[in-house]
Ligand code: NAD
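There is one chain below, alone, in structure tokens, taken in the form predicted on its own.
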Amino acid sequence: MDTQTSTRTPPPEPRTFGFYVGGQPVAAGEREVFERASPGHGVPVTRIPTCSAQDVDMAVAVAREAFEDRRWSGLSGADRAAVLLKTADIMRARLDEIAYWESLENGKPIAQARGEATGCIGMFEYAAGLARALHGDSFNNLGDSMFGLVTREPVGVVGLITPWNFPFLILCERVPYILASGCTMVTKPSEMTSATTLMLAEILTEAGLPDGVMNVVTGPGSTVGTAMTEHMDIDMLSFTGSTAVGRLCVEASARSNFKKLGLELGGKNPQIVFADADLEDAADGVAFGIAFNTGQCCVSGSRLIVERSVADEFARLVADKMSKIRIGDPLDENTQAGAITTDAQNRVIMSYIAKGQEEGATLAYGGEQLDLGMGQYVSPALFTGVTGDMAIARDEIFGPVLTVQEFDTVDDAIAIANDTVYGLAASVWTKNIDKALTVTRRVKAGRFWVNTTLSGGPELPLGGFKQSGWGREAGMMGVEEYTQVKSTHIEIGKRSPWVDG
């Protein structure tokens, strides 16, 4: 395990932001201000207003007015596409700035943050094409007296709640698709990582998005998030986070206006490795799958399910890969794994590492709290001798903790993989196409990787099975998710009378 030193530094003073309503920032004024310390450095980097339920009401009212007067939904797909493409251009020009603030607030390596922001540019460019491609259907088979149309209309005002682990990436997996559909929105980032969301709102305004179409309220989920989930004038809510909070969103929707929900929730994702795989490639992929973003990733491959005949050898290969991961200052360009994003999550991760040992699993590698002289860092942990009833094998830890379970047959591997309430993602490593196809067909997961992991782009939809969520983001389905379908029957010619005379 290598550690790195910094080549860049945090700002000398924290940057102050306002929340964003009606095309302009709103200063904190009398509101409380949350000062965010960089998890990689332990110094304050941003100051963000703490909004109230009344601020949510104001933002929703502005978004509602912007939707009803059709300043955005009434534009052609081509006009909406032009704004999305201009946004991508501005994002490209401000790429380093976005990556810097993302890295500071989240603790992820700046090179990773830059790569994610580059992918976000692609999201906007792809969604621009979808704004022009979105269409309905027609039915010319209803007889000479009837013609049928099926049209898609924007669902209305969308509430968007995003988490702290991928503040900009998850935002951009949704915002351009919501806008392509013609909706307006109120967005709430995590109070820990609000900067890049507020920056995107400014960029969209600069790109020509009409005022009031994208609004950002900041603050904790307990107040601001709850106000959004229960709001009677939000037509759809998109939430990314834990399954427990997703369940609260469902309950709040039922209590309020039965708003449509899009939910991307938890995961306990299997990486299945067969003996016939390229074990060197697989070990590298497994290490990447658990250590990327310090394991704070809903699709991280946290359950290694490996064929028994190569299990010991493969565990050694993975441990060797883990030992070479460059852990250190997020602002160092060479860092591969940065800081744990929040104090609370750091405590959760370390408690599960202790619990795994208490349950009888063997800590084969890592799992230490690292003292780098600043911030909070954890070395990736590898547990062997794990059984399916252990908490470390069942709970979403949301950290770099990898468990190893062994199998003998394809059916065994599939059964272990499916032995979870989640179904978000999965990977399989094998050079046998029959095994690969069998596993991809039978393992219940919304995203699947064969001989790779955590790859993708804007073309394919994202989402989960079982308790990992509802709906799909990205791709054409990501635009359709934010529409409603309307069927229209058009009678041709004179009506056949129902009433005589």
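All residue numbers are counted from 1 along the displayed sequence. This is a predicted model, so every value here is computed, not measured.
Quick note: we don't show the form predicted together with nicotinamide-adenine-dinucleotide, though the next part is all about it.
- Although the partner is absent from this view, residue 375 stays clear of nicotinamide-adenine-dinucleotide in the predicted complex, with no non-hydrogen atom inside 4.5 angstroms.
- Shown alone here, residue 226 lies within 4.5 Å of nicotinamide-adenine-dinucleotide in the predicted complex, counting heavy atoms only.
- Although the partner is absent here, residue 222 lies within 4.5 Å of nicotinamide-adenine-dinucleotide in the predicted complex, judged by heavy atoms.
- Among heavy atoms of residue 307, none comes within 4.5 Å of nicotinamide-adenine-dinucleotide in the predicted complex.
- None of 73 to 81, 351 to 359, 134 to 142, 160 to 168 except one has non-hydrogen atoms within 4.5 angstroms of nicotinamide-adenine-dinucleotide in the predicted complex; the exception is 160 to 168.
- When you look in the predicted complex, the only residue of 285, 241, 270, 399 with a non-hydrogen atom within 4.5 Å of nicotinamide-adenine-dinucleotide is 241.
- Scanning 328, 182, 266, 289 against nicotinamide-adenine-dinucleotide in the predicted complex with a 4.5 Å heavy atom cut-off leaves one residue, 266.
- The candidate spot formed by 303, 315 and 367 is out of contact with nicotinamide-adenine-dinucleotide in the predicted complex: none of the three has a heavy atom within 4.5 Å.
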